[in-house]
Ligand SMILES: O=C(O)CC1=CCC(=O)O1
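So this first bit is one chain, no partners, the form predicted alone, shown in structure tokens.
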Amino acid sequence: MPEIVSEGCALHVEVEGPADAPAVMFSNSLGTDLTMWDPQVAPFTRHFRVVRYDRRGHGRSGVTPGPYSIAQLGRDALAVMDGLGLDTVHWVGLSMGGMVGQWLGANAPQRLRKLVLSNTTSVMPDKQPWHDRIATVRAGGLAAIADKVMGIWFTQDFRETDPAAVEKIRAVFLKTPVDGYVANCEAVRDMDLRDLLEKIAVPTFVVAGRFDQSTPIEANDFIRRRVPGAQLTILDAAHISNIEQAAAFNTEVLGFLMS
């Protein structure tokens, strides 16, 4: 699979599905890699060319010195599109991927067909938890917060009924490079995308999790109310809704993209 260099960082990219189909580009949450989207590959490749990539500082992509910014990560996404020769894509971003999607929707709308913003927010008004998280990870690695994060990412019911799915995500989380994770935490901590929302000029679909503690319904509805014409759906999931409610996520997002 291709490796695309953006601003001094090699980005790992995987492409599946028909070469002549419209492209859907998936963007992950903080602390995951492109395998987060495994439940989407089969249903989406029936209709689309699926592009997945590891964000700078994650997975098999490079780790450059931080802090990073959402704008920098948005330029990385555009570099992936350019490297693959894609003039336009549908964008599906969850959590941090949705933050990058907001930046793209306002700054590069000509590159997007439709925009899906899942389990995300435009600002982190309380910075202290991010200062604390960064200090904890620098001192003890990702293992110091892994159990707490899994408890936030998935409901207790899902953790009990599908522990294998949770363990798969936990293993990826633990392998995330500390320096890359911290640099991305700094990007999330410092962002404020609220003034960009009214500038998003592409059809937008917002997906919220009913039990999401990280980016609650109110944060997602804030985006819906400020992006012109945006729609909102709520899934019975916590933060990583594309895994916890994969069938519902696929149905809702495919329905939007193909409408």
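Everything numeric in this text was worked out from a predicted model, so none of it was measured. Quick note: we count residues from 1 along the sequence shown, nothing fancier.
Just so you know, the form predicted in complex with this ligand exists too; it's not on screen, but the next bit is about it.
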Exercise for the section: Quick one: find which of 104-112, 71-79, 154-162, 123-131 has residues within 4.5 Å of this ligand in the predicted complex by heavy atom distance. Expected result: 123-131
Handout entry: Residue among L86, V172, V188, L142 with a heavy atom within 4.5 Å of this ligand in the predicted complex
Key = V188
Fill in the blank from the handout: Checking S214, T45, T35, T233 against this ligand in the predicted complex, the residue with a non-hydrogen atom inside 4.5 angstroms turns out to be S214
Handout entry: 4.5 angstroms heavy atom contact with this ligand in the predicted complex for H239
Key = yes
Practice task
Using a 4.5 Å heavy atom cut-off, state whether V149 contacts this ligand in the predicted complex.
Solution key: yes
Practice task
Answer for V92 alone: is it within 4.5 Å of this ligand in the predicted complex, judged on heavy atom distances?
Solution key: no
Problem - Distance check, M99 to this ligand in the predicted complex, heavy atom within 4.5 Å - result: yes
Problem - Contacts with this ligand in the predicted complex, stretch 21-41 (heavy atom within 4.5 Å) - result: S29, L30
